[in-house]
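For reference, the chain that follows is the form predicted alone, supplied as structure tokens.
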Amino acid sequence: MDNETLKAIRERRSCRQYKPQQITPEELRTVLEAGTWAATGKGLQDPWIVAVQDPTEVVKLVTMNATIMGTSDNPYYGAPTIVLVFASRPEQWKNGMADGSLVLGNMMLAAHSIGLASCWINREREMFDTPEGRELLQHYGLPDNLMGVGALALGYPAVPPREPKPRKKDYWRVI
């Protein structure tokens, strides 16, 4: 069996080199809306999505993430848009991390389907557990009890996607 969705799943790759050109508002809206259609536990729609395109704000996020990573490199690979996903902490909602992960997955597939590139970025949990991160949550107008789930580097690819790695042998079982 095959269709456009299955093709997108097979073809999507993480991108680590972006053109500096900003994506269009329509492209951004399409990706963000795809995130809102992710499955969530009990249909609670617990995650929150914040798209950051302001260059000054992007630099803040790059600096915070690079500091935690222990590097001076840009952990978002120069993408002009950073999409952050937050969710409730486990003590408030045990499925927050899983729900936010599904949001990120939906957005990566949507981005690929419209010709954008993305890469899942980590360390947002650590970033937003800092005093500076807590201030940013307030700046974004979000509840203060959230944790960072992850982020997407999002933009136009500067290089073609790599070839996929072969799938590991015996990846799945039917019992």
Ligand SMILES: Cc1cc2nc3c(=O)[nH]c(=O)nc-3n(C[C@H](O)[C@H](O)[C@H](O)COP(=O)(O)O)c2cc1C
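Numbers for residues come from their place in the sequence shown, where the first is 1. Remember, it's a predicted structure, so these values are computed and weren't measured experimentally.
Note that the form predicted together with this ligand isn't included here; everything after this is about it.
Taking non-hydrogen atoms only, residue 64 never approaches this ligand to within 4.5 angstroms in the predicted complex. The shortest heavy atom separation between residue 123 and this ligand in the predicted complex is within 4.5 Å.
Using a 4.5 angstroms limit between non-hydrogen atoms, residue 16 touches this ligand in the predicted complex. Looking at residue 77, you'd find a heavy atom of it within 4.5 angstroms of this ligand in the predicted complex. Partner contact region in the predicted complex: 114-122, out of 25-33, 139-147, 47-55, 114-122, criterion any non-hydrogen atom within 4.5 Å of this ligand.
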